[in-house]
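Before any questions on how it binds or moves, here is one chain, the form predicted alone, in structure tokens.
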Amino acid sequence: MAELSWPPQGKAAVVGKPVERIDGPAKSTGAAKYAYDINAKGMLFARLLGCPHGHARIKSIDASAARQVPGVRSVKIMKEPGKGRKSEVLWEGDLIACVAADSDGAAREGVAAIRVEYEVLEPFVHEEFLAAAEQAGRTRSGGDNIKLQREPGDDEDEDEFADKEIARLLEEADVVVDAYYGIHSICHCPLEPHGSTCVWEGDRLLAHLSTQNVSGTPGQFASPLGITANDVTVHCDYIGGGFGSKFAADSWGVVAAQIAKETGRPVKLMLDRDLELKNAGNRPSGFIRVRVGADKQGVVNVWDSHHWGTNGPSGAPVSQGVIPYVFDPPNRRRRVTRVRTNTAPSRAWRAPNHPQGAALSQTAYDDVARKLGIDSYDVFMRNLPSVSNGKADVYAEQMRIAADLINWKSKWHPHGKGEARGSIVSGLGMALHTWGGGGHSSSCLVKIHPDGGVETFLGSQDLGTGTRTVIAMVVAETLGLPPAAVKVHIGNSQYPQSGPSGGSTTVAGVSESNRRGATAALEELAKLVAPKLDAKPEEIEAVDGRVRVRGKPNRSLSWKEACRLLGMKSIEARGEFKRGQPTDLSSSGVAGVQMAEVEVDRATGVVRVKKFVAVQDMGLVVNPLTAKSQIYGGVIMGIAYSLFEERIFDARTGKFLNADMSSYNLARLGDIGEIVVELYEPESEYRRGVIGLGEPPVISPGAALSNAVCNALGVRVPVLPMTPQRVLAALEKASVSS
């Protein structure tokens, strides 16, 4: 195979240029078909029954009336009554039963007719209040992580040594920040809820599934259905958002398939919005007590923290691996406590644990600057030598770029010392983030046809990020064609296997496989073209719609002329990439800097974003148009979780009080201010190859906005989201204590 590298020959012709999404017309005209849009002949409509209690045990279920509702064809019990753990309901909305009927109305009537007798148990949803969790027996230690500089041969007990050493380091510090920070759990809120339309074709299942894991979900259907993964085809041309929540077939997907098999009719089951919010994914919360010691320049030398949070009933620790975030001071101790709550289990949410890590730690670095009365920018810059990812030089340059774009040096003022316009005060804040972004394993089949047509097939998916477009661009770059000349086939598990879209792994993975497949296909074509041009196959290249001898453009054939040499048989070439294998096409590890300018009304507590700057590296930028779109989207999601978004529970009943889109607050158009995106692509980063981008932009907004609000007020609003109530409470607390 020819050498695989970027750019292919000198300057890239397609890669790196802005290209509009090739599926844009289908989406904008309504031609794009989502899982909900599939309407099979004789289809049944299914609806789910969720438990109305935050914690309960099922004593009995009577579905006889539901089965008598006209049009109801199936009632499936999903939780059995009894005394064991299987009968226990651990959160409100936990699924009890499924009803399938000839119409949606009949299915809803059937669900309403089911009678369930519950033994109501005491719920616990106090995830922020550690003392309450400990009193309720809802905590367990997640362990300590200690990294302290110590003299060789010191054999003191580790805990005793750590206590003494941390006390000494804090005593010697020029400034100590003793603080509390928090970030509440949020839901994924995809525009398209979870669900599928399941159709049996003989003994084979076709599942039109809203998923970000096309190749990985057939086996999840197969096992409980007693068939093999080869007997399942998962189809997903388009998906209305996933953000980490749609990797699985899920219990409701399997139930839909079971009912379809039993009734011999297709079944459509999409979650109602309230059940979507209650069951289909959330990001864990995180809270922290921390002591930080720094010198007069703001350089942090010691970190001592205890943090806790929840992912629901199991109480797995949150942010355990990323505190302190990005920065890694020379002396640190971290203790983690798990909190078990009667809330739904969490799922991966865009950059799992990193937004919490940034919000729980980089606020402390900003508070060091506040306490010293010095510029936060300088404190962040002075702490760059301690970053854990070795990208201090990248952060430094990104900080300079971001500062110029937001005009930091002329707008910054000491915390709480800015000029007020009536009750309105303004402030600046910043934060850093990191992410991996290495490509997942991916395989594809590239075809070149005698008429010049080019197709590529792989079991990937497009979350709306422009994956189809990127694939077309990579193949087009390799074959010297425009992206419109490449037909991309994804969204079907029968195509060659490719990884799930999670962890910012997709763009690098599919770029790797398609670059390799297209290169292999071109090599086969070169064997036919070379004799016609009196050249060796290795001397053949494809550029600007022609196949030619390298360095001799006058000796060439048009693309169609070259493809006619195939006769009646197409070229088929596979491209394979295994995650972790050595490669010059892609890499991992990125850095980003974000800065925010806000206005805060001290009278009402309302925070308004004026300007938000995001500077981001991602190695080689395949498509700057869709790359910037990813960053805009990440920033908007960050503004939402920073200012508006949280799950709210009733402490007494455990009910999810705002499980609907009228009261679960998200950012609206007027809430986001001006967003400025800068793609950081110097030669050093460009040469690293393709790296994923989906996760990084959503990490820093919480910390950056919290720091900006603190700069405006001179008071920290410690817990996100910074709602008006929390802003006013922080001002009142500061007023009382002053």
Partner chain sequence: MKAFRYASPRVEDEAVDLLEDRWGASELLAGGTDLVGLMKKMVVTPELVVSVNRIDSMRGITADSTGVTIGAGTHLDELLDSPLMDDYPAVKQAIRNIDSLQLQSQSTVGGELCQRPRCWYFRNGYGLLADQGRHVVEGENQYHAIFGNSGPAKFVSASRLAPVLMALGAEIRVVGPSPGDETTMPLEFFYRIPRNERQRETSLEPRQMITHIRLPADAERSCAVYEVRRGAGPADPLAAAAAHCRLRDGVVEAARIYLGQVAPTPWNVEEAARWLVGRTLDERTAREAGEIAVARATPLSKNAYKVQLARVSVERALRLVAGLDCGGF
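Numbering follows the first chain given and starts at 1. A quick note: this is a predicted structure, and the numbers were derived from the prediction, not measured.
Missing here is the form predicted in complex with its partner chain; even so, the following discussion is about that form.
S.K.: With its partner chain left out of view, which of Val600, Ala542, Val300, Ala591 would have a heavy atom within 4.5 Å of it in the predicted bound form?
M.R.: The residue in contact is Val600.
S.K.: Check each of Arg652, Lys296, Lys409, Lys86 and return the one that places a heavy atom within 4.5 angstroms of its partner chain in the predicted bound form.
M.R.: Exactly one listed residue reaches within 4.5 Å, namely Arg652.
S.K.: Mark Gly422 yes when one of its heavy atoms lies within 4.5 Å of a heavy atom of its partner chain in the predicted bound form, and no otherwise.
M.R.: Contact with its partner chain, yes.
S.K.: Does any heavy atom of Pro414 come within 4.5 Å of a heavy atom of its partner chain in the predicted bound form?
M.R.: Close contact is absent here: in the predicted bound form, Pro414 is far from its partner chain, nothing within 4.5 Å, heavy atoms only.
S.K.: Would you check, heavy atoms only and a 4.5 Å threshold, whether Phe656 touches its partner chain in the predicted bound form?
M.R.: It does: once its partner chain is placed as it appears in the predicted bound form, Phe656 has a heavy atom within 4.5 Å of it.
S.K.: Examine Tyr238 and determine whether its closest non-hydrogen atom to its partner chain in the predicted bound form is within 4.5 angstroms.
M.R.: It does not: once its partner chain is placed as it appears in the predicted bound form, Tyr238 has no heavy atom within 4.5 Å of it.
S.K.: Tell me the stretch among 533-541, 101-109, 77-85, 341-349 that has any heavy atom within 4.5 angstroms of its partner chain in the predicted bound form.
M.R.: The contacting stretch here is 101-109.
S.K.: Using a 4.5 Å cut-off on heavy atoms, which residues of 130-146 contact its partner chain in the predicted bound form?
M.R.: Result: empty, none.
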